[in-house]
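As structure tokens, one chain now follows by itself in the form predicted on its own.
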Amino acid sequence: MSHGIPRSTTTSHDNKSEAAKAKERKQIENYKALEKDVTERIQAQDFTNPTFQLTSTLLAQNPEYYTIWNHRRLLLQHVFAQELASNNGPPSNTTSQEPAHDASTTTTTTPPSNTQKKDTTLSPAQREISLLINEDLTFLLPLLKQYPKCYWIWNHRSWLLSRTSRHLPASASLTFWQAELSLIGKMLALDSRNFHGWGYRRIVVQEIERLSSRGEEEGGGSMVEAEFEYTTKMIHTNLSNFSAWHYRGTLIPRLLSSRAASSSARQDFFDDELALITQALYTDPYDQSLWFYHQFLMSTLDASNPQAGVILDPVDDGVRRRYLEQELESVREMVEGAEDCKYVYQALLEYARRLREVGGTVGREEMRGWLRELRGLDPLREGRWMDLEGKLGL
């Protein structure tokens, strides 16, 4: 099982019958012959449709073979170049100059029917490129469903979509990207913690924003509000979602900036986020993803961390001290019922250290007690705890 998704089982080679073994040997021989055929064709620069179809057959058997994906892209680039050289297509930079339009989100990788009516706006070369890209996206769908954690399938989809941005008008390209966002939503509904899907979603959203006709300064191109709400939805569906919490954290600075949030609005937002994660921690203090997000929020108070995001603005040592004392007390309360959770004691020691740095006080004996608990719960990291003891001056 991976994230609750069952993996297909395989039969031990020793338990197979002779007939099954012979069949397997034949399949291996055919696979090797196919691989050799594709490689020789590429080396001979045989960039024909039969070669392309052979890559489809090979990748359907082994989608992890990244070299064959490279060959496939080489073949597609060859066809694209031929189409554009036929003098029927405009320069490849038209997407950056041509205004985009809002297109309805579709639930498949096929562009919506209303886009097909606008095909007259495309040159013959662009229509052919659009068709080829759509067919290849369709070819990938069953592979993606069967192998949702395969890097190379996601990588190839990303490359195909990038070709629409390069070779098609912004309006046509935007339709492809919006359809892709709908597909990712379905994939994450099947496995909400598929980090491949989350990473790909960020790429897709970024490109949709770029292609949108109205700039982010007017708020029309920005999807930050919608994406922030999406993380809320996914977190409520499954608290133990590293990717959703991470994405949420990356959105916050943009979100507050797009809202032109005042100091008081930023404080209210920070309080709401702390309340959300605290409630989640009380639900399951053993979930590391929750502690990561809590640490992220608290890191924004750390003046010594130049990489920390900005939520509260302005923030001084008085504000830092108040929040550190508040969260330290909250984590203290979590100890009861979670005495064997090392994350609790790690958080207590970290926030105690930072509270002392901004003028707060925490009992040395209390901190030593937390460190003893850590040592008992995680003796394999004794060297780390010895180092921490020295840094804390305990």
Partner chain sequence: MVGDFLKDCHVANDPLDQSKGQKQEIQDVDSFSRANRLAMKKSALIAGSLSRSGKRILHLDPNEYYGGAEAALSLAEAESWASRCAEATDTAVFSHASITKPPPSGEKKLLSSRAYSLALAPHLIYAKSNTVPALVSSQCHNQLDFQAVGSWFVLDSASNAQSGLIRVPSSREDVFQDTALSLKAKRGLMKFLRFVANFEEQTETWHDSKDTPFPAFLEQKFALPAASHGPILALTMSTAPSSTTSTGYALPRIAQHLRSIGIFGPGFGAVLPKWGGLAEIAQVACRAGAVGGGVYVLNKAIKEATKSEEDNRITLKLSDAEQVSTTWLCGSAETMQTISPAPDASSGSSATVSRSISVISSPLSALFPSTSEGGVTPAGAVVVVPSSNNDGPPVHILVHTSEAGECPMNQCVAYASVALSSDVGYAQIDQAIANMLSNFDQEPTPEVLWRLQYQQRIPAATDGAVLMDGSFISLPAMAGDLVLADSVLNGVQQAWQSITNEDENMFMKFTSRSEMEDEE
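Numbering follows the first chain given and starts at 1. Only a predicted model underlies this, so the values are computations on that prediction, with no experimental measurement involved.
Absent from the display: the form predicted together with the partner chain. The rest refers to it.
- For a residue to qualify, one of its non-hydrogen atoms must sit within 4.5 Å of the partner chain in the predicted complex; all three of Tyr230, Pro285 and Glu333 qualify.
- Look at 317-325, 261-269, 276-284, 74-82: in the predicted complex, residues with non-hydrogen atoms within 4.5 angstroms of the partner chain sit in 276-284.
- Contact with the partner chain in the predicted complex, judged by any heavy atom within 4.5 Å, is made by just one of Val224, Leu140, Leu239, Ile203: Leu239.
- Exactly one listed residue, out of Ile129, Ile252, Ile235, Leu161, brings a non-hydrogen atom to within 4.5 Å of the partner chain in the predicted complex: Ile235.
- Interface membership of Ala189, defined by any non-hydrogen atom within 4.5 Å of the partner chain in the predicted complex, is confirmed.
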